[in-house]
Structures are given as C-alpha cells and as structure tokens.
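Next up: just one chain, as structure tokens, the form predicted on its own.
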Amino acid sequence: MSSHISFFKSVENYVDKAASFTEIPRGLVEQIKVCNLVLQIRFPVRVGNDYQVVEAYRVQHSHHRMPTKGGIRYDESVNQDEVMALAALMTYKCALMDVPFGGAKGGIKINPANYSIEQLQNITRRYTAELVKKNFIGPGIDVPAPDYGTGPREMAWILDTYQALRHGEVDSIGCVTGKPVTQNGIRGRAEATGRGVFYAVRECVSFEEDMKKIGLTKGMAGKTMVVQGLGNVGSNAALISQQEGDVKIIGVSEREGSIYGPNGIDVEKLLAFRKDTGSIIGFPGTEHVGDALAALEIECDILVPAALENQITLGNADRIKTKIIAEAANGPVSADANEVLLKKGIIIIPDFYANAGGVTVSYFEWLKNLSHHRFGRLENRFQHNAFERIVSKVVEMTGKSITEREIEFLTRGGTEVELVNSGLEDTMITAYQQIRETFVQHNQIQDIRTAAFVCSLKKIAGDYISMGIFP
C-alpha cells in the first residue's frame, strides 16, 4: 500500500495498532496476523504455437474457521505479497461481518485482455486442477469467488473442473461462489459488493452527531459523490446510490480518464454511452478533467475509490477534497496517506467493511448450495396462505374493502433477490453499529478503521480461545 512498506506489512501495522486497544495476548495477535498456508504455482499454457509459464497463487490466511473464503483475481500486478495481504483482509472482513469463514485469496499473474476465451478457460481449469491436487479447494476446505478480472464465467469453469475431478461429491456445487444463477449461483450476487458499499455509506451518514463534526447533514439525499472505477463494484455502488439514495454523482473516472459534471451525471446513461463508444470521455454535460486519478481530487461529500489499491498516496493526499471516503476497492488508501487524511478530518469507511457485500452474499450462496434448494422455496407458499387468512380476518373485522392487487402485495413471500438484499442490509447495518459502538466507547481510538479491526480481532481471538488453543 505504501511506497515504503509492503501491502501485507501495512495490513499487519493496522492490526498491531488495533491490538493495542485490546487485552489480547501478544502471542495470539501474532498467530492471528500470520498466513497459515501459501501456495505458489507455476504451470505451462499453450499460447498459439508456443508455451507460456503462468505464475499463480492461493493463500489461506486463517483456519480459525473453516472453510476459508476469498476471491481469485487475474491481473498483471498479482504477486505473493498482494495475495497474502488480501487474504488477511478477508479474515478480518469475515469476522467483522459474522460470516463463518477464514480468509483466503487467489491470483493469476496475467492480463485477461491478452488471451482468447479458450486460452482463459485453459488457464482457469489448469489452476483449478492444481488447487484440487494440493487440497486447496472444496466446499469445506477453501471456497473461491470472483475478484478483479474474473466473474461468473470463470467460476462456472472452476465448478465444472472441480466436479470432473471430484465426481459424485454431494456438496460439490458449494466449492465456489459467484457462479451464474443458472449454475447454482444466487440472485443478487453480481451487484452485492456495490450494494454493500451503498448500505455502508447510508449507515455512516445516518448519525447526525457524526455528520455535524464534518459539516454535513444527516442522510444521503442530495449529497455529492465521486466514483473512481466503473467496474462491477463502482458501477453498482454509483447506480444504487443514485437510484435508492438520491445521491448526486458529479465525477467519474475509468482507465481512459476522469469526467466532471457539476449538474449531475446519469450513471445508467453513462454506462450505455461507454458501451457504445468505448469511453466515458465526451459524455454530454461533462468535461474531461484529467487521467484516471484526477477524479479523486474533485471536491465532493463522498468519494468512492472502486478501482485498485494504492490510489490515494502521499503524492495526492493533500489534494483530496471530500468529507467521507468509502473504500470500495481493497487498499485504495496507502498507510501513510491514511494518516494525512485523518488529520484533515475525513471519515474513512474501511475497505474490509465497505466492500464486504460480496463475501456476505457469497455466504448466502454457499448456504443455498449446501441446503440444495433456493431461498423461499419451502416457505413462501405457506406464508402466502397464512397471510391471506390474516388479511381476510382483518377485512372481516373492520369491514374495509381491499383490492386483489393489495392482497397480493400484503401476502406474497419474498423473492430470492429480495431475501438476499434484506440479509445483506441487515448484516451491513449490524456491523457498522458494532464498529461505531467500539469507536464511541474507546476515547483513544481516532478512526473507524481501527475500531473495525478491534471488532474483528476480538471475534477471532474469541474463536481461538474457545478452541482451547490459547487458554
């Protein structure tokens, strides 16, 4: 994260800082911090008439809960330190959200744009086969998911490869999450991380006394937002914030540059414009203000870095003009820049809380896979009939008339996506309330990130102590 220390070391520094506000024994803190298993893989892949050696990793950070859980990213910047850091953040994220997994992460050092679909499929299947050989994947062992550069397509390839090599395993569909809905995935997973960012920001701005300290009013409506990165997370966070939170999006950036629209940017139209033209530059009502980092310096109420790590550093921290930063990406603020931003009074909603929507809904998908039926299938018709009887009784007692449409609305059970979004919303709200309670109770804790790490550490330490490993 920082230019001076590694990404993994900066995560350890955050943990050490948080641990100083707890009574967890030092030896236990050291055990929590270390990566338990690191798998480094090299395998050949045929590209055209030649062969290429592909570098890949899978890291299982903590086994205090099983299985371990974490995405797989395809990117040229992938290295062991990055994967270790992301696996560690997954451990703290799962603990914070009360999702019963240990943290893991995977990565393949490639640029997906340089390969055909057939070549990407070969790479994914070979990587999965290596994980199976080393016992690094399975519904009760380690459950991958999509990350930067991957999506439902890659998860379907992983599932198919796993089932071919583990034929007849009854819970095999739970070996990976983020699958297509038609391949035992779950509705709501694609937009889950972006929706989680929305819930995180909405909860943060719901506390009037916290907003007063930074010169803002309570609530999301009318607040200005800038989003860096229009990938899966950034686009969904922007769309949902605009449609359900009535937020005014005034700045957006992508690889090709940054745009500024003081009168507001319709994100749905912007996404369609980029699909047609291949760029956000030139979108009506906006001006091109610089490269992909320029949007970070636009003055706004809420800044959402949703691209890659290390986007806000000492080099640009002084020029950041926002009140709230919601870390939709992993590690977008470097450790040294973090201190600069805190001194400016900026509230930073940390990545391992803000972007926890993905793993939360992945947990729901995993539960669905292990139960072998979709949410609502067993109970919805029963609920409908029960509610219908109640409504009929109320109508009979009051003498009021009610339309068929109203009866249908009052008696129907929740759809799968409604149940998923409801569970995600409840999880995000509960976690933020726990973080804020810790923040308020400890006068010495100066930031939300440290409070969130304190919450996670206490839960993980509790698991180790209950196992009798650390009496």
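Numbers follow the displayed sequence, beginning with 1. Treat the numbers as computed from the prediction; the structure is a model and nothing was measured.
This protein has a second form, the form predicted together with a small molecule, left out of what is shown; the following refers to that one.
Trainee: Going by a heavy atom distance of 4.5 Å, is residue 359 a contact of the small molecule in the model of the complex?
Mentor: Because a heavy atom of residue 359 falls inside 4.5 Å of the small molecule in the model of the complex, the answer is yes.
Trainee: Is there a heavy atom of residue 195 no more than 4.5 Å from a heavy atom of the small molecule in the model of the complex?
Mentor: It does not: once the small molecule is placed as it appears in the model of the complex, residue 195 has no heavy atom within 4.5 Å of it.
Trainee: When the contact criterion is heavy atoms within 4.5 Å, does residue 186 count as touching the small molecule in the model of the complex?
Mentor: Answer no; every heavy atom of residue 186 is more than 4.5 Å from the small molecule in the model of the complex.
Trainee: Can you tell me whether residue 90 touches the small molecule? I mean in the model of the complex, with a 4.5 angstroms heavy atom cut-off.
Mentor: Judged by the heavy-atom cut-off of 4.5 Å, residue 90 is in contact with the small molecule in the model of the complex.
Trainee: Please name which of the stretches 157-165, 139-147, 196-204, 234-242 has residues with heavy atoms lying within 4.5 Å of the small molecule in the model of the complex.
Mentor: Stretch 139-147 is the one.
Trainee: Just one of 305, 350, 103, 71 has a heavy atom within 4.5 angstroms of the small molecule in the model of the complex, so which one?
Mentor: The residue in contact is 71.
Trainee: Can you pick the one in 128, 334, 258, 177 that has a heavy atom within 4.5 Å of the small molecule in the model of the complex?
Mentor: Result of the distance check: 177.
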